[in-house]
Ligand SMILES: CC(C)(COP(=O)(O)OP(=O)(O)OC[C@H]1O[C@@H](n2cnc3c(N)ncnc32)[C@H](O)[C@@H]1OP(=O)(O)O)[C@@H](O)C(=O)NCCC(=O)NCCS
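Single chain ahead, by itself, as structure tokens, in the form predicted on its own.
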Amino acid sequence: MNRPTVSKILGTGSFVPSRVVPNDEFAQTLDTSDEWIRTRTGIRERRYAGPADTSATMGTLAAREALAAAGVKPADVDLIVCGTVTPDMVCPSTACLIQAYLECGTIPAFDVGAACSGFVYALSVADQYVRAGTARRVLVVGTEVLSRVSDFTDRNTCILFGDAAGAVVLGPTDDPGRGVHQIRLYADGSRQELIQVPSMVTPNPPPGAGVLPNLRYLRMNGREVFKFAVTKLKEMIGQAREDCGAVGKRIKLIVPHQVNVRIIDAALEDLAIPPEAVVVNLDKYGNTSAASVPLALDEGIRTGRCGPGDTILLVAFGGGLTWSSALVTL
């Protein structure tokens, strides 16, 4: 009997814009400082998209890196799935634009909207296509231009976000010890008011109890999101440890959504996980939503912190509310 097809990561890539925005820049217009931002978030700087940068153009550049690392030509890609909450347009999808820029051919391409969990959600779709045998090379992209939905009069939110893109290429493997072991996805729409990003078709003011009027920019209840993120991060790491036992693996590296260093530190302390077992790069890039996990993953691989045969945990949480994890052996 043939073994079931398993998907594995063939290559990773990322892109960040050239404009660096240090914390001191916010102090020029807001009641804040570099120290205030660093001590509360761990962020020192972030990147902002230039006039010609969009989610699609940045996603394309990250995709090119991932394809090159995987040794896959654009013509050999069977499917593109893109996670984003800052698409270039509502229609066509950002994935379709990336398909056109890469000149992949008339393959299916679509977006997934799950905020900061968007990349892991997109990865789960790609994994199912590979496992079903309906696609052999799937491009998964997470890309965001959050600077264009930020309220620069709100020091509690605008300081958090940056722009970036990350990508992976997924394909089949016959090695039962490698690949995607487990993906877990969750959502709780009843708490949607904690994180919201409006669009041109959002009613203003939006309907529904507990929703504030005049929603024009990204809005977040930081205190409640903090508690939610710490709880879910600990839960998903605990689940992953159980999953590792079932497949005889040990997690070498955790790649969490880069949201706030205090959230990551709180979870690590409670679970007795050493800092060297976790990728943290939000000091350089801030919170890049769906781009956060693939950006950190690419950095972890390119700096040698993880490589072939290592088991890693990707974990994310964000608007929706959504939370997700993927246990993968490279």
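In this text the structure is predicted, and so the values were computed from the model without any measurement. Residue numbers run from 1 along the displayed sequence.
The same protein also exists as the form predicted together with the ligand; that form is not shown, yet it is the one meant from here on.
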Flag residue 302 as yes or no: does it have a non-hydrogen atom within 4.5 angstroms of any non-hydrogen atom of the ligand in the predicted complex? no
Is there any non-hydrogen atom of residue 116 lying within 4.5 Å of the ligand in the predicted complex? yes
Give a yes/no on whether residue 31 approaches the ligand to within 4.5 Å in the predicted complex, heavy atoms considered. yes
Can you check whether residue 222 is within 4.5 Å of the ligand in the predicted complex, heavy atom basis? yes
Any idea which of 274-282, 57-65, 290-298, 258-266 reaches within 4.5 Å of the ligand in the predicted complex, heavy atoms considered? 258-266
Looking at the ligand in the predicted complex, is some heavy atom of each of 249, 254 and 311 within 4.5 Å of it? no
Within 4.5 Å, heavy atoms only, which of 152, 101, 226, 186 is in contact with the ligand in the predicted complex? 226
Of the options 159, 138, 180, 236, which one has a non-hydrogen atom that comes within 4.5 Å of the ligand in the predicted complex? 159
Could you pull out the residues of 31-49 that have any heavy atom within 4.5 Å of the ligand in the predicted complex? 31, 32, 36, 37, 40, 41
